[in-house]
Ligand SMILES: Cc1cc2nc3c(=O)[nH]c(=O)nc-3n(C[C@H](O)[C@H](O)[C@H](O)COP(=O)(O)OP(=O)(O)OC[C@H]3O[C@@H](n4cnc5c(N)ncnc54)[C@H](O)[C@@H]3O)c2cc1C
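A single chain comes next, written as structure tokens; it is the form predicted on its own.
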């Protein structure tokens, strides 16, 4: 086990520092931070509770609004959402909402609080396909309404794409604890069960009142010129192996990464924490149009990752890749012992009976498919929210309301 990889990169608040940070809050009457949170976690309310030393009340606010509160506290790109809306930004800097939420959920865990409660059984049941963020939140939302819930996961472990986020950002222990809370609500999990092969959607429809499909973008895209290259691995496969082995993997001394999103930043930072001295990241976007969150980019730069922006791969021969700049007349050639492609992901919906357009199901009605008993949420749902954990939480909450309404509920 690699200690650098498994140690959380960002330190948490202490009881003193969390109160100091919360005291900076302006206590806005119509808080823009809460309006900017896709999950509706109500940061203004839990920050107010922390400010007045009501940590239990703060924990209740977080958990009742976000079943994955401890996870989002660690991985949510807050600078794009709640902190972007923070009124304090106009004075000095926004409130560190993510770390306050992390302190609150850590307090909840240490105090062994039992906040989530199942609603009165309504005699109806729902099947969820997949166990990523959207499906986990949906499972909780359905249980609080009173539905019986069965979750079908093709892998042997639950969590979906949460299991790819590096340990230094999101420890497996946190994911495990969140899932235990959900299981305690009465959600039944079926692992190692591939819907479309081991059990059909028709079988689930016969057994349940509704089926919600939530397969994540769990497969890495491969550029044609890199197909079959023995030096090349997808970012998804690389991150999955490192996470499963807690960083206990062999890595070369010189690695090339192609891509500039958050997944690419996870890869390059992981490589540096594993001790790779030479990590070069070549990115299509220029810095002014970077897709990765500011926090992730700055973290990679602090670790010493070399980032070349504005280049596209033009030719590859073995472990040597030639790049051409998109704007200026410039070329660069990089030789590496390992090449990691972080150029996007895609879902596998074979056997699920739905068709995707640009990776989404879009029937014109949110979360609906052409089958009245089958719904979607998460990455494949057509939504205005980013395909992030917090975006998945939002779709998980919303699909439960849509399904409940379709089945005659309030």
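None of the values given here were measured: they were computed from a predicted structure. Numbering follows the first chain given and starts at 1.
The protein also exists as the form predicted together with the ligand; that form is not presented, and the subsequent description refers to it.
Visitor: Assess the spot marked by 37, 65 and 182: is the ligand within 4.5 Å of a heavy atom from every one of these residues in the predicted complex?
Guide: No residue of the spot touches the ligand in the predicted complex.
Visitor: Within 4.5 angstroms, counting heavy atoms, which one of the listed stretches 114-122, 334-342, 278-286, 134-142 is next to the ligand in the predicted complex?
Guide: Result of the contact check: 134-142.
Visitor: Could you work out which of 290, 152, 231, 107 is the residue within 4.5 angstroms of the ligand in the predicted complex, going by heavy atoms?
Guide: When the ligand is considered in the predicted complex, the option within 4.5 Å is 152.
Visitor: With the ligand left out of view, choose which of 300, 75, 211, 187 has a non-hydrogen atom within 4.5 angstroms of it in the predicted complex.
Guide: That would be 75.
Visitor: Can you tell me if residue 387 lies within 4.5 angstroms of the ligand in the predicted complex, counting non-hydrogen atoms only?
Guide: Yes - in the predicted complex, heavy atoms of residue 387 and the ligand come within 4.5 Å of each other.
Visitor: My question is simply whether residue 167 lines the interface with the ligand in the predicted complex - judged by any non-hydrogen atom within 4.5 Å.
Guide: Residue-level check for residue 167: no, no contact with the ligand.
Visitor: Report whether the minimum heavy atom distance between residue 178 and the ligand in the predicted complex is within 4.5 Å.
Guide: Heavy-atom contact with the ligand at 4.5 Å: absent for residue 178.
Visitor: Flag residue 226 as yes or no: does it have a non-hydrogen atom within 4.5 angstroms of any non-hydrogen atom of the ligand in the predicted complex?
Guide: Residue-level check for residue 226: no, no contact with the ligand.
Visitor: Since the partner is left out here, which residues of 104-131 would have a heavy atom within 4.5 Å of the ligand in the predicted complex?
Guide: Read in sequence order, the residues that approach the ligand (within 4.5 Å, in the predicted complex) are 129, 130, 131.
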